[in-house]
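In the block that follows, a single chain appears as structure tokens, in the form predicted on its own.
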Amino acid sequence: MAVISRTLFLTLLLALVAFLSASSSSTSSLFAHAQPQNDNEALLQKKVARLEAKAVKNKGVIQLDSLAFEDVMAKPRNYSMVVLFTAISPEFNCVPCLNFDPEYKMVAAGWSKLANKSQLFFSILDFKAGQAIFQKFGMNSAPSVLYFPASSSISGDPSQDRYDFGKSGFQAEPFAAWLQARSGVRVPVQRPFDFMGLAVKVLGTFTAVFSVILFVRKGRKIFGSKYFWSTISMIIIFVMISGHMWNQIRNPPYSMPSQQGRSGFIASGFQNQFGLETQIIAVLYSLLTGAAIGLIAVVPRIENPVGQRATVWVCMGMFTLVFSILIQVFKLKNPGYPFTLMFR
């Protein structure tokens, strides 16, 4: 009987030891699974905090190179990334890149003002700093914008998330609408106040009111005057030859900061131009035409020989000066243009 009791006691003791060992092993296993998950969450929080700090420092835009690109795109990643592949270094002379750069930064600045901005980050990868990434994605032109959703693989084909410049243009508003369709969040775009546009509207309104008043008072004389139709014809000609219709079709930026930080008025190349450039060309052509009209129509009517001679010198001087400026504009558009007049 005593032997049976001792055997039963030893059996129960062994069972208790086995149960405690299994419980300890199960607890250790659960802790081992929970520990990496907690580590990943902590790493992800640090990663997001680091990206937020970089974005705040640079008005919503994160500058990348090849290594930084691989880091921000690596998993775990609970945020989306917009990457602008560009080439704004002076040696590449990428005018479209310079055109889109301020528009892209405008959208990024608008996003940075939202309350929950950690779900999407804006970044720029210049060709000079990320040639390996350009080759990885087969980028043979710039600018190009890719949208990477949260936790997506970067090894797949990103064509479905590529912004189409040919269809949507280089303005911030259609680009913001494209992002809204993918992120589900409205991106505010706030442009600086256009004082020049306001001045043009005020001047246009004043001209329209003045024209209506003149028409009411002297409608028949105005429409029967050759000077009126000559003026209308000249305005239409100036608008057409200065590139206004090209601006209406392509909608280029009004001006563009140069590499030295100054405002750029003339776009390089004959396939690009700014809105301000069109106005400058129209004014130059108008001054040339005015000088020619002065020599043809005004000088012969002056009876005083001294006044007539002075008017000839003024008109010829204006014509020569303005034509010299126009030639310099051609040289800015095409540095290989060989001719000059007053300026070199």
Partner chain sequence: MSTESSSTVARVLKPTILILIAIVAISSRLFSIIRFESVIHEFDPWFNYRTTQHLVKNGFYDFWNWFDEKSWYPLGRVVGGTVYPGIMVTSALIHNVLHFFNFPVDIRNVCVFLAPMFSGLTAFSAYLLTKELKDSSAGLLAAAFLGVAPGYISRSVAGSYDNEGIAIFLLVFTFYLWIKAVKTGSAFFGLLTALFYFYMVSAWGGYVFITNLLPLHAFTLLLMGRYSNRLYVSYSTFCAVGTLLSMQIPFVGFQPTRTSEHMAALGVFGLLQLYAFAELVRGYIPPKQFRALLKGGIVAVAVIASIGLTILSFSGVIAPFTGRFYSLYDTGYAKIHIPIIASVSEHQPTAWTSFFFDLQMLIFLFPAGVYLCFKELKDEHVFIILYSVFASYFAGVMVRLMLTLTPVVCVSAAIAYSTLLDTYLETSEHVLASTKPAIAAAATSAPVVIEATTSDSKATGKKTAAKAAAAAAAAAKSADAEAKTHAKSAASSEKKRFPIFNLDSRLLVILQLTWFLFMFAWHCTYVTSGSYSSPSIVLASRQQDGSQMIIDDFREAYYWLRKNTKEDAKVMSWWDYGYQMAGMANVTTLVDNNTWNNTHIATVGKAMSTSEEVSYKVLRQHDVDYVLILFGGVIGYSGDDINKFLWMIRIAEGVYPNDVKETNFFTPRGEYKVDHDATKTMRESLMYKMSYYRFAELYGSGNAVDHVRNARMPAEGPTLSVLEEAYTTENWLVRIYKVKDLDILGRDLKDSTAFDKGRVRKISSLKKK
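What you see is a predicted model; the values in this text were computed from it and never measured. Numbering follows the first chain given and starts at 1. By rigid core we mean the largest C-alpha set that fits within 1.5 Å across both forms.
We do not show the form predicted in complex with the partner chain, though everything after this point is about it.
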Q: State the residue from V48, V56, I293, L67 whose non-hydrogen atoms include one within 4.5 Å of the partner chain in the predicted bound form.
A: I293
Q: Name the single residue among A150, I236, V185, A132 that comes within 4.5 Å of the partner chain in the predicted bound form, judging by heavy atoms.
A: I236
Q: Would you check, heavy atoms only and a 4.5 Å threshold, whether P90 touches the partner chain in the predicted bound form?
A: no
Q: Although the partner chain is absent from this view, report whether V209 comes within 4.5 Å of it in the predicted bound form, heavy atoms only.
A: no
(Q) Although the partner isn't part of this model, could you tell me whether A181 comes within 4.5 Å of the partner chain in the predicted bound form, counting any heavy atom of the residue? (A) no
Q. Might K226 be said to contact the partner chain in the predicted bound form, defining contact as any heavy atom within 4.5 Å?
A. yes
Q | the partner chain in the predicted bound form: contacting segment from 101-109, 77-85, 200-208, 138-146, heavy atom within 4.5 Å | A | 138-146
Q.
For a quick check, can you give me the residues of 307-337 that have a heavy atom within 4.5 Å of the partner chain in the predicted bound form?
A. Q308, R309, V312, W313, M316, F319, T320, F323, L326, I327, V329, F330, K333, N334, G336, Y337
Q. Quick one: once the rigid core is lined up, does T311 have its C-alpha move by 2 Å or more between the shown form and the other one?
A. yes
Q.
Please determine whether the C-alpha atom of N58 is displaced by 2 Å or more between the shown form and the other one following superposition on the rigid core.
A. no
Q | Post core alignment: N99 C-alpha displaced by 2 Å or more between the shown form and the other one | A | no
Q: Indicate closer or farther: the Cα atoms of N247 and N140, in the predicted bound form, relative to the displayed form, with a change of 3 Å or more.
A: closer
(Q) Just to spell it out: taking the C-alpha atom of N93 and the C-alpha atom of G275, is that distance smaller or larger in the predicted bound form than in the structure shown here, given it changes by 3 Å or more? (A) closer
